[in-house]
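What follows is a single chain, given as C-alpha cells, in the form predicted on its own.
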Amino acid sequence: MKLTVKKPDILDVLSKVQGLAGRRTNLAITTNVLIRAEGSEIILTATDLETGFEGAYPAQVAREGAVAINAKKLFEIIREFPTDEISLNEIENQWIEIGNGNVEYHIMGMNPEEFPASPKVEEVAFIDVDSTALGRMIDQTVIVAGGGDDRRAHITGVLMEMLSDASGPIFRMVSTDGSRLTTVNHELPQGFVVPEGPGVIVPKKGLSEVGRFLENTGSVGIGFKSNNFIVKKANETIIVRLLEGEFPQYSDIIKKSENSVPVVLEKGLFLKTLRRMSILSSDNYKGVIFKFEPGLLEVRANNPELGESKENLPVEYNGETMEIAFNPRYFMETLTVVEGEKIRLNLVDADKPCLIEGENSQTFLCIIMPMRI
C-alpha cells in the first residue's frame, strides 16, 4: 500500500475513532485502525467489537493495499505533522513509513487480515433523520447511564421504536437506570408507514460513539438489519450491535396524573441552586429536600458528615405545601439537555415520581423517582 492524503481530510475522523480503538476488547488488533487504499480513496475502519465505524476520504493512491496501525499513535503523528500532505507507505513485514521527505516515522503495524470484518449493510431501508435532531435525542437519553457492571439490556441500552402518535408517526428513544426514565420523540414525515414489531435496544456506549460523528447540519440515514443499528452519512457508516432483552413497559409511567400540580421555574436559576446544594452531598448522603410552597421553592441539604445548606428561589406554584427528597444529580443532568429557558415539574405527592419537561416542549420528558431520607 502506498498513498498520499491531506491532513485535514483525516485528522478529525482519527480523533473521533479514539473512543472505539481505546476501549478494551479480547482482541489486541482493535486498538488499531484499519487503513485500506482503494481507487482514489483511503478507507478507515475502527471497532470495539460492539460498534464499528467505516469512512472513505479522498487520497492519491499509488499502490492499493491494507495496513493496521495503532490508532492512538497514528492520530498523534498526524496531529503534530508539520505539513498538510502526508504519505503512507507499507515497506515490508507490516512496517509503515509515514512522512513527507523532511519528517519521517517508521511504525510497526499488524496483519490487516486479523482485523474483524464489518457486517454487510446492503438492502437496508434507511429513514432520513435530521442530524442535529438525532444528536439531541442521543444526548437526552445517554445521560441516564447504566451501571458499569449491569448486564440488564434495559439499563445499559436505549429503546428505539417507531410509533403512530395522535399527531402522526414518530421515532422515539427511551432510557432508564431504574431511578429515572427519559423519553424523546422525533416526528417522522406524514405518510410514513410505521413497521410492525417491537422496538430494539441499542447500547448507550454505542450511541455515544454515534453522537461523535454527527454534524450540526444535514441529515443521516438510520436503519436496522441483522441485529444491528446502522447510521449512514454520505461517506461514513456506523454500525452498532443491538442488545438482547426486553425493555420494561413504560407507557403508564409517562402519563401525567390528573392529580398532578405543575411547577414552572427558571432552568438556569434552578441549575445553579442545585449545584450549590450538591456541594454538601456525599456517597452516604446524596439527597436534598425540595419544599414547595405557593410561589416559592426551598431547597435544603443536610449532611451530618459535612453540614447543611438552604436556598430559596421563586417558582410558579399554587398547590399545597409539599416536601419531597430527590437526588440533585438527576435533576442537574436533565437540566443540561432539556430545551427552553423554563421547565415544568409535574408533582403529585412525596411518594410519586416527578415529571420534568420544557415549558414549551412536547418532545422530551424525564421522570425522576423520589428518595427516602
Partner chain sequence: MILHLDMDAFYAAVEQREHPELRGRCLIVGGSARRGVVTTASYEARRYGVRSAMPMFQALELCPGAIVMAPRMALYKEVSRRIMSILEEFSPLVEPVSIDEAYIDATGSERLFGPPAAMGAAIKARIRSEVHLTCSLGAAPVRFLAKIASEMQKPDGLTVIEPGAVPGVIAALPIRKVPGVGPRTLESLAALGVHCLGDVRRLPGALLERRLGKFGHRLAALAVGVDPTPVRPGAAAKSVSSEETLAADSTDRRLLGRCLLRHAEEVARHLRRNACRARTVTLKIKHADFRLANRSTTLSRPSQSSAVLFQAADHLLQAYVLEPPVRLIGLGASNLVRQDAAVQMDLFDAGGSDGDGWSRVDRVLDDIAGRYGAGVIRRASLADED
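Residue numbers count along the first chain shown, from 1. Remember, predicted model here, so these are calculated numbers, not experimental data.
Just so it is clear, the following notes concern the form predicted together with the partner chain, a form of the same protein that is not shown.
Peer 1: Looking at G178, G199, P294, G168, which has any heavy atom no more than 4.5 Å from the partner chain in the model of the complex?
Peer 2: Flagged contact: G178.
Peer 1: Find the only residue in N259, N284, Q190, N216 having a heavy atom within 4.5 Å of the partner chain in the model of the complex.
Peer 2: When the partner chain is considered in the model of the complex, the option within 4.5 Å is N284.
Peer 1: Looking at 325 to 333, 338 to 346, 60 to 68, 40 to 48, which stretch has residues with any non-hydrogen atom within 4.5 Å of the partner chain in the model of the complex?
Peer 2: It is the stretch 325 to 333.
Peer 1: Would V194 count as touching the partner chain in the model of the complex under a 4.5 Å heavy atom rule?
Peer 2: The answer is no: V194 has no heavy atom within 4.5 Å of the partner chain.
Peer 1: With the cut-off set at 4.5 Å between non-hydrogen atoms, does I367 touch the partner chain in the model of the complex?
Peer 2: Yes, contact at 4.5 Å.
Peer 1: Is the gap between G268 and the partner chain in the model of the complex 4.5 Å or less for some heavy atom pair?
Peer 2: No - in the model of the complex, heavy atoms of G268 and the partner chain never come within 4.5 Å of each other.
Peer 1: Indicate whether the partner chain has at least one heavy atom within 4.5 Å of a heavy atom of D12 in the model of the complex.
Peer 2: Close contact is absent here: in the model of the complex, D12 is far from the partner chain, nothing within 4.5 Å, heavy atoms only.
Peer 1: Only counting heavy atoms and a 4.5 Å limit, does any residue of 333 to 356 reach the partner chain in the model of the complex, and if so which ones?
Peer 2: Stretch hits, in order: A350, D351, P353.
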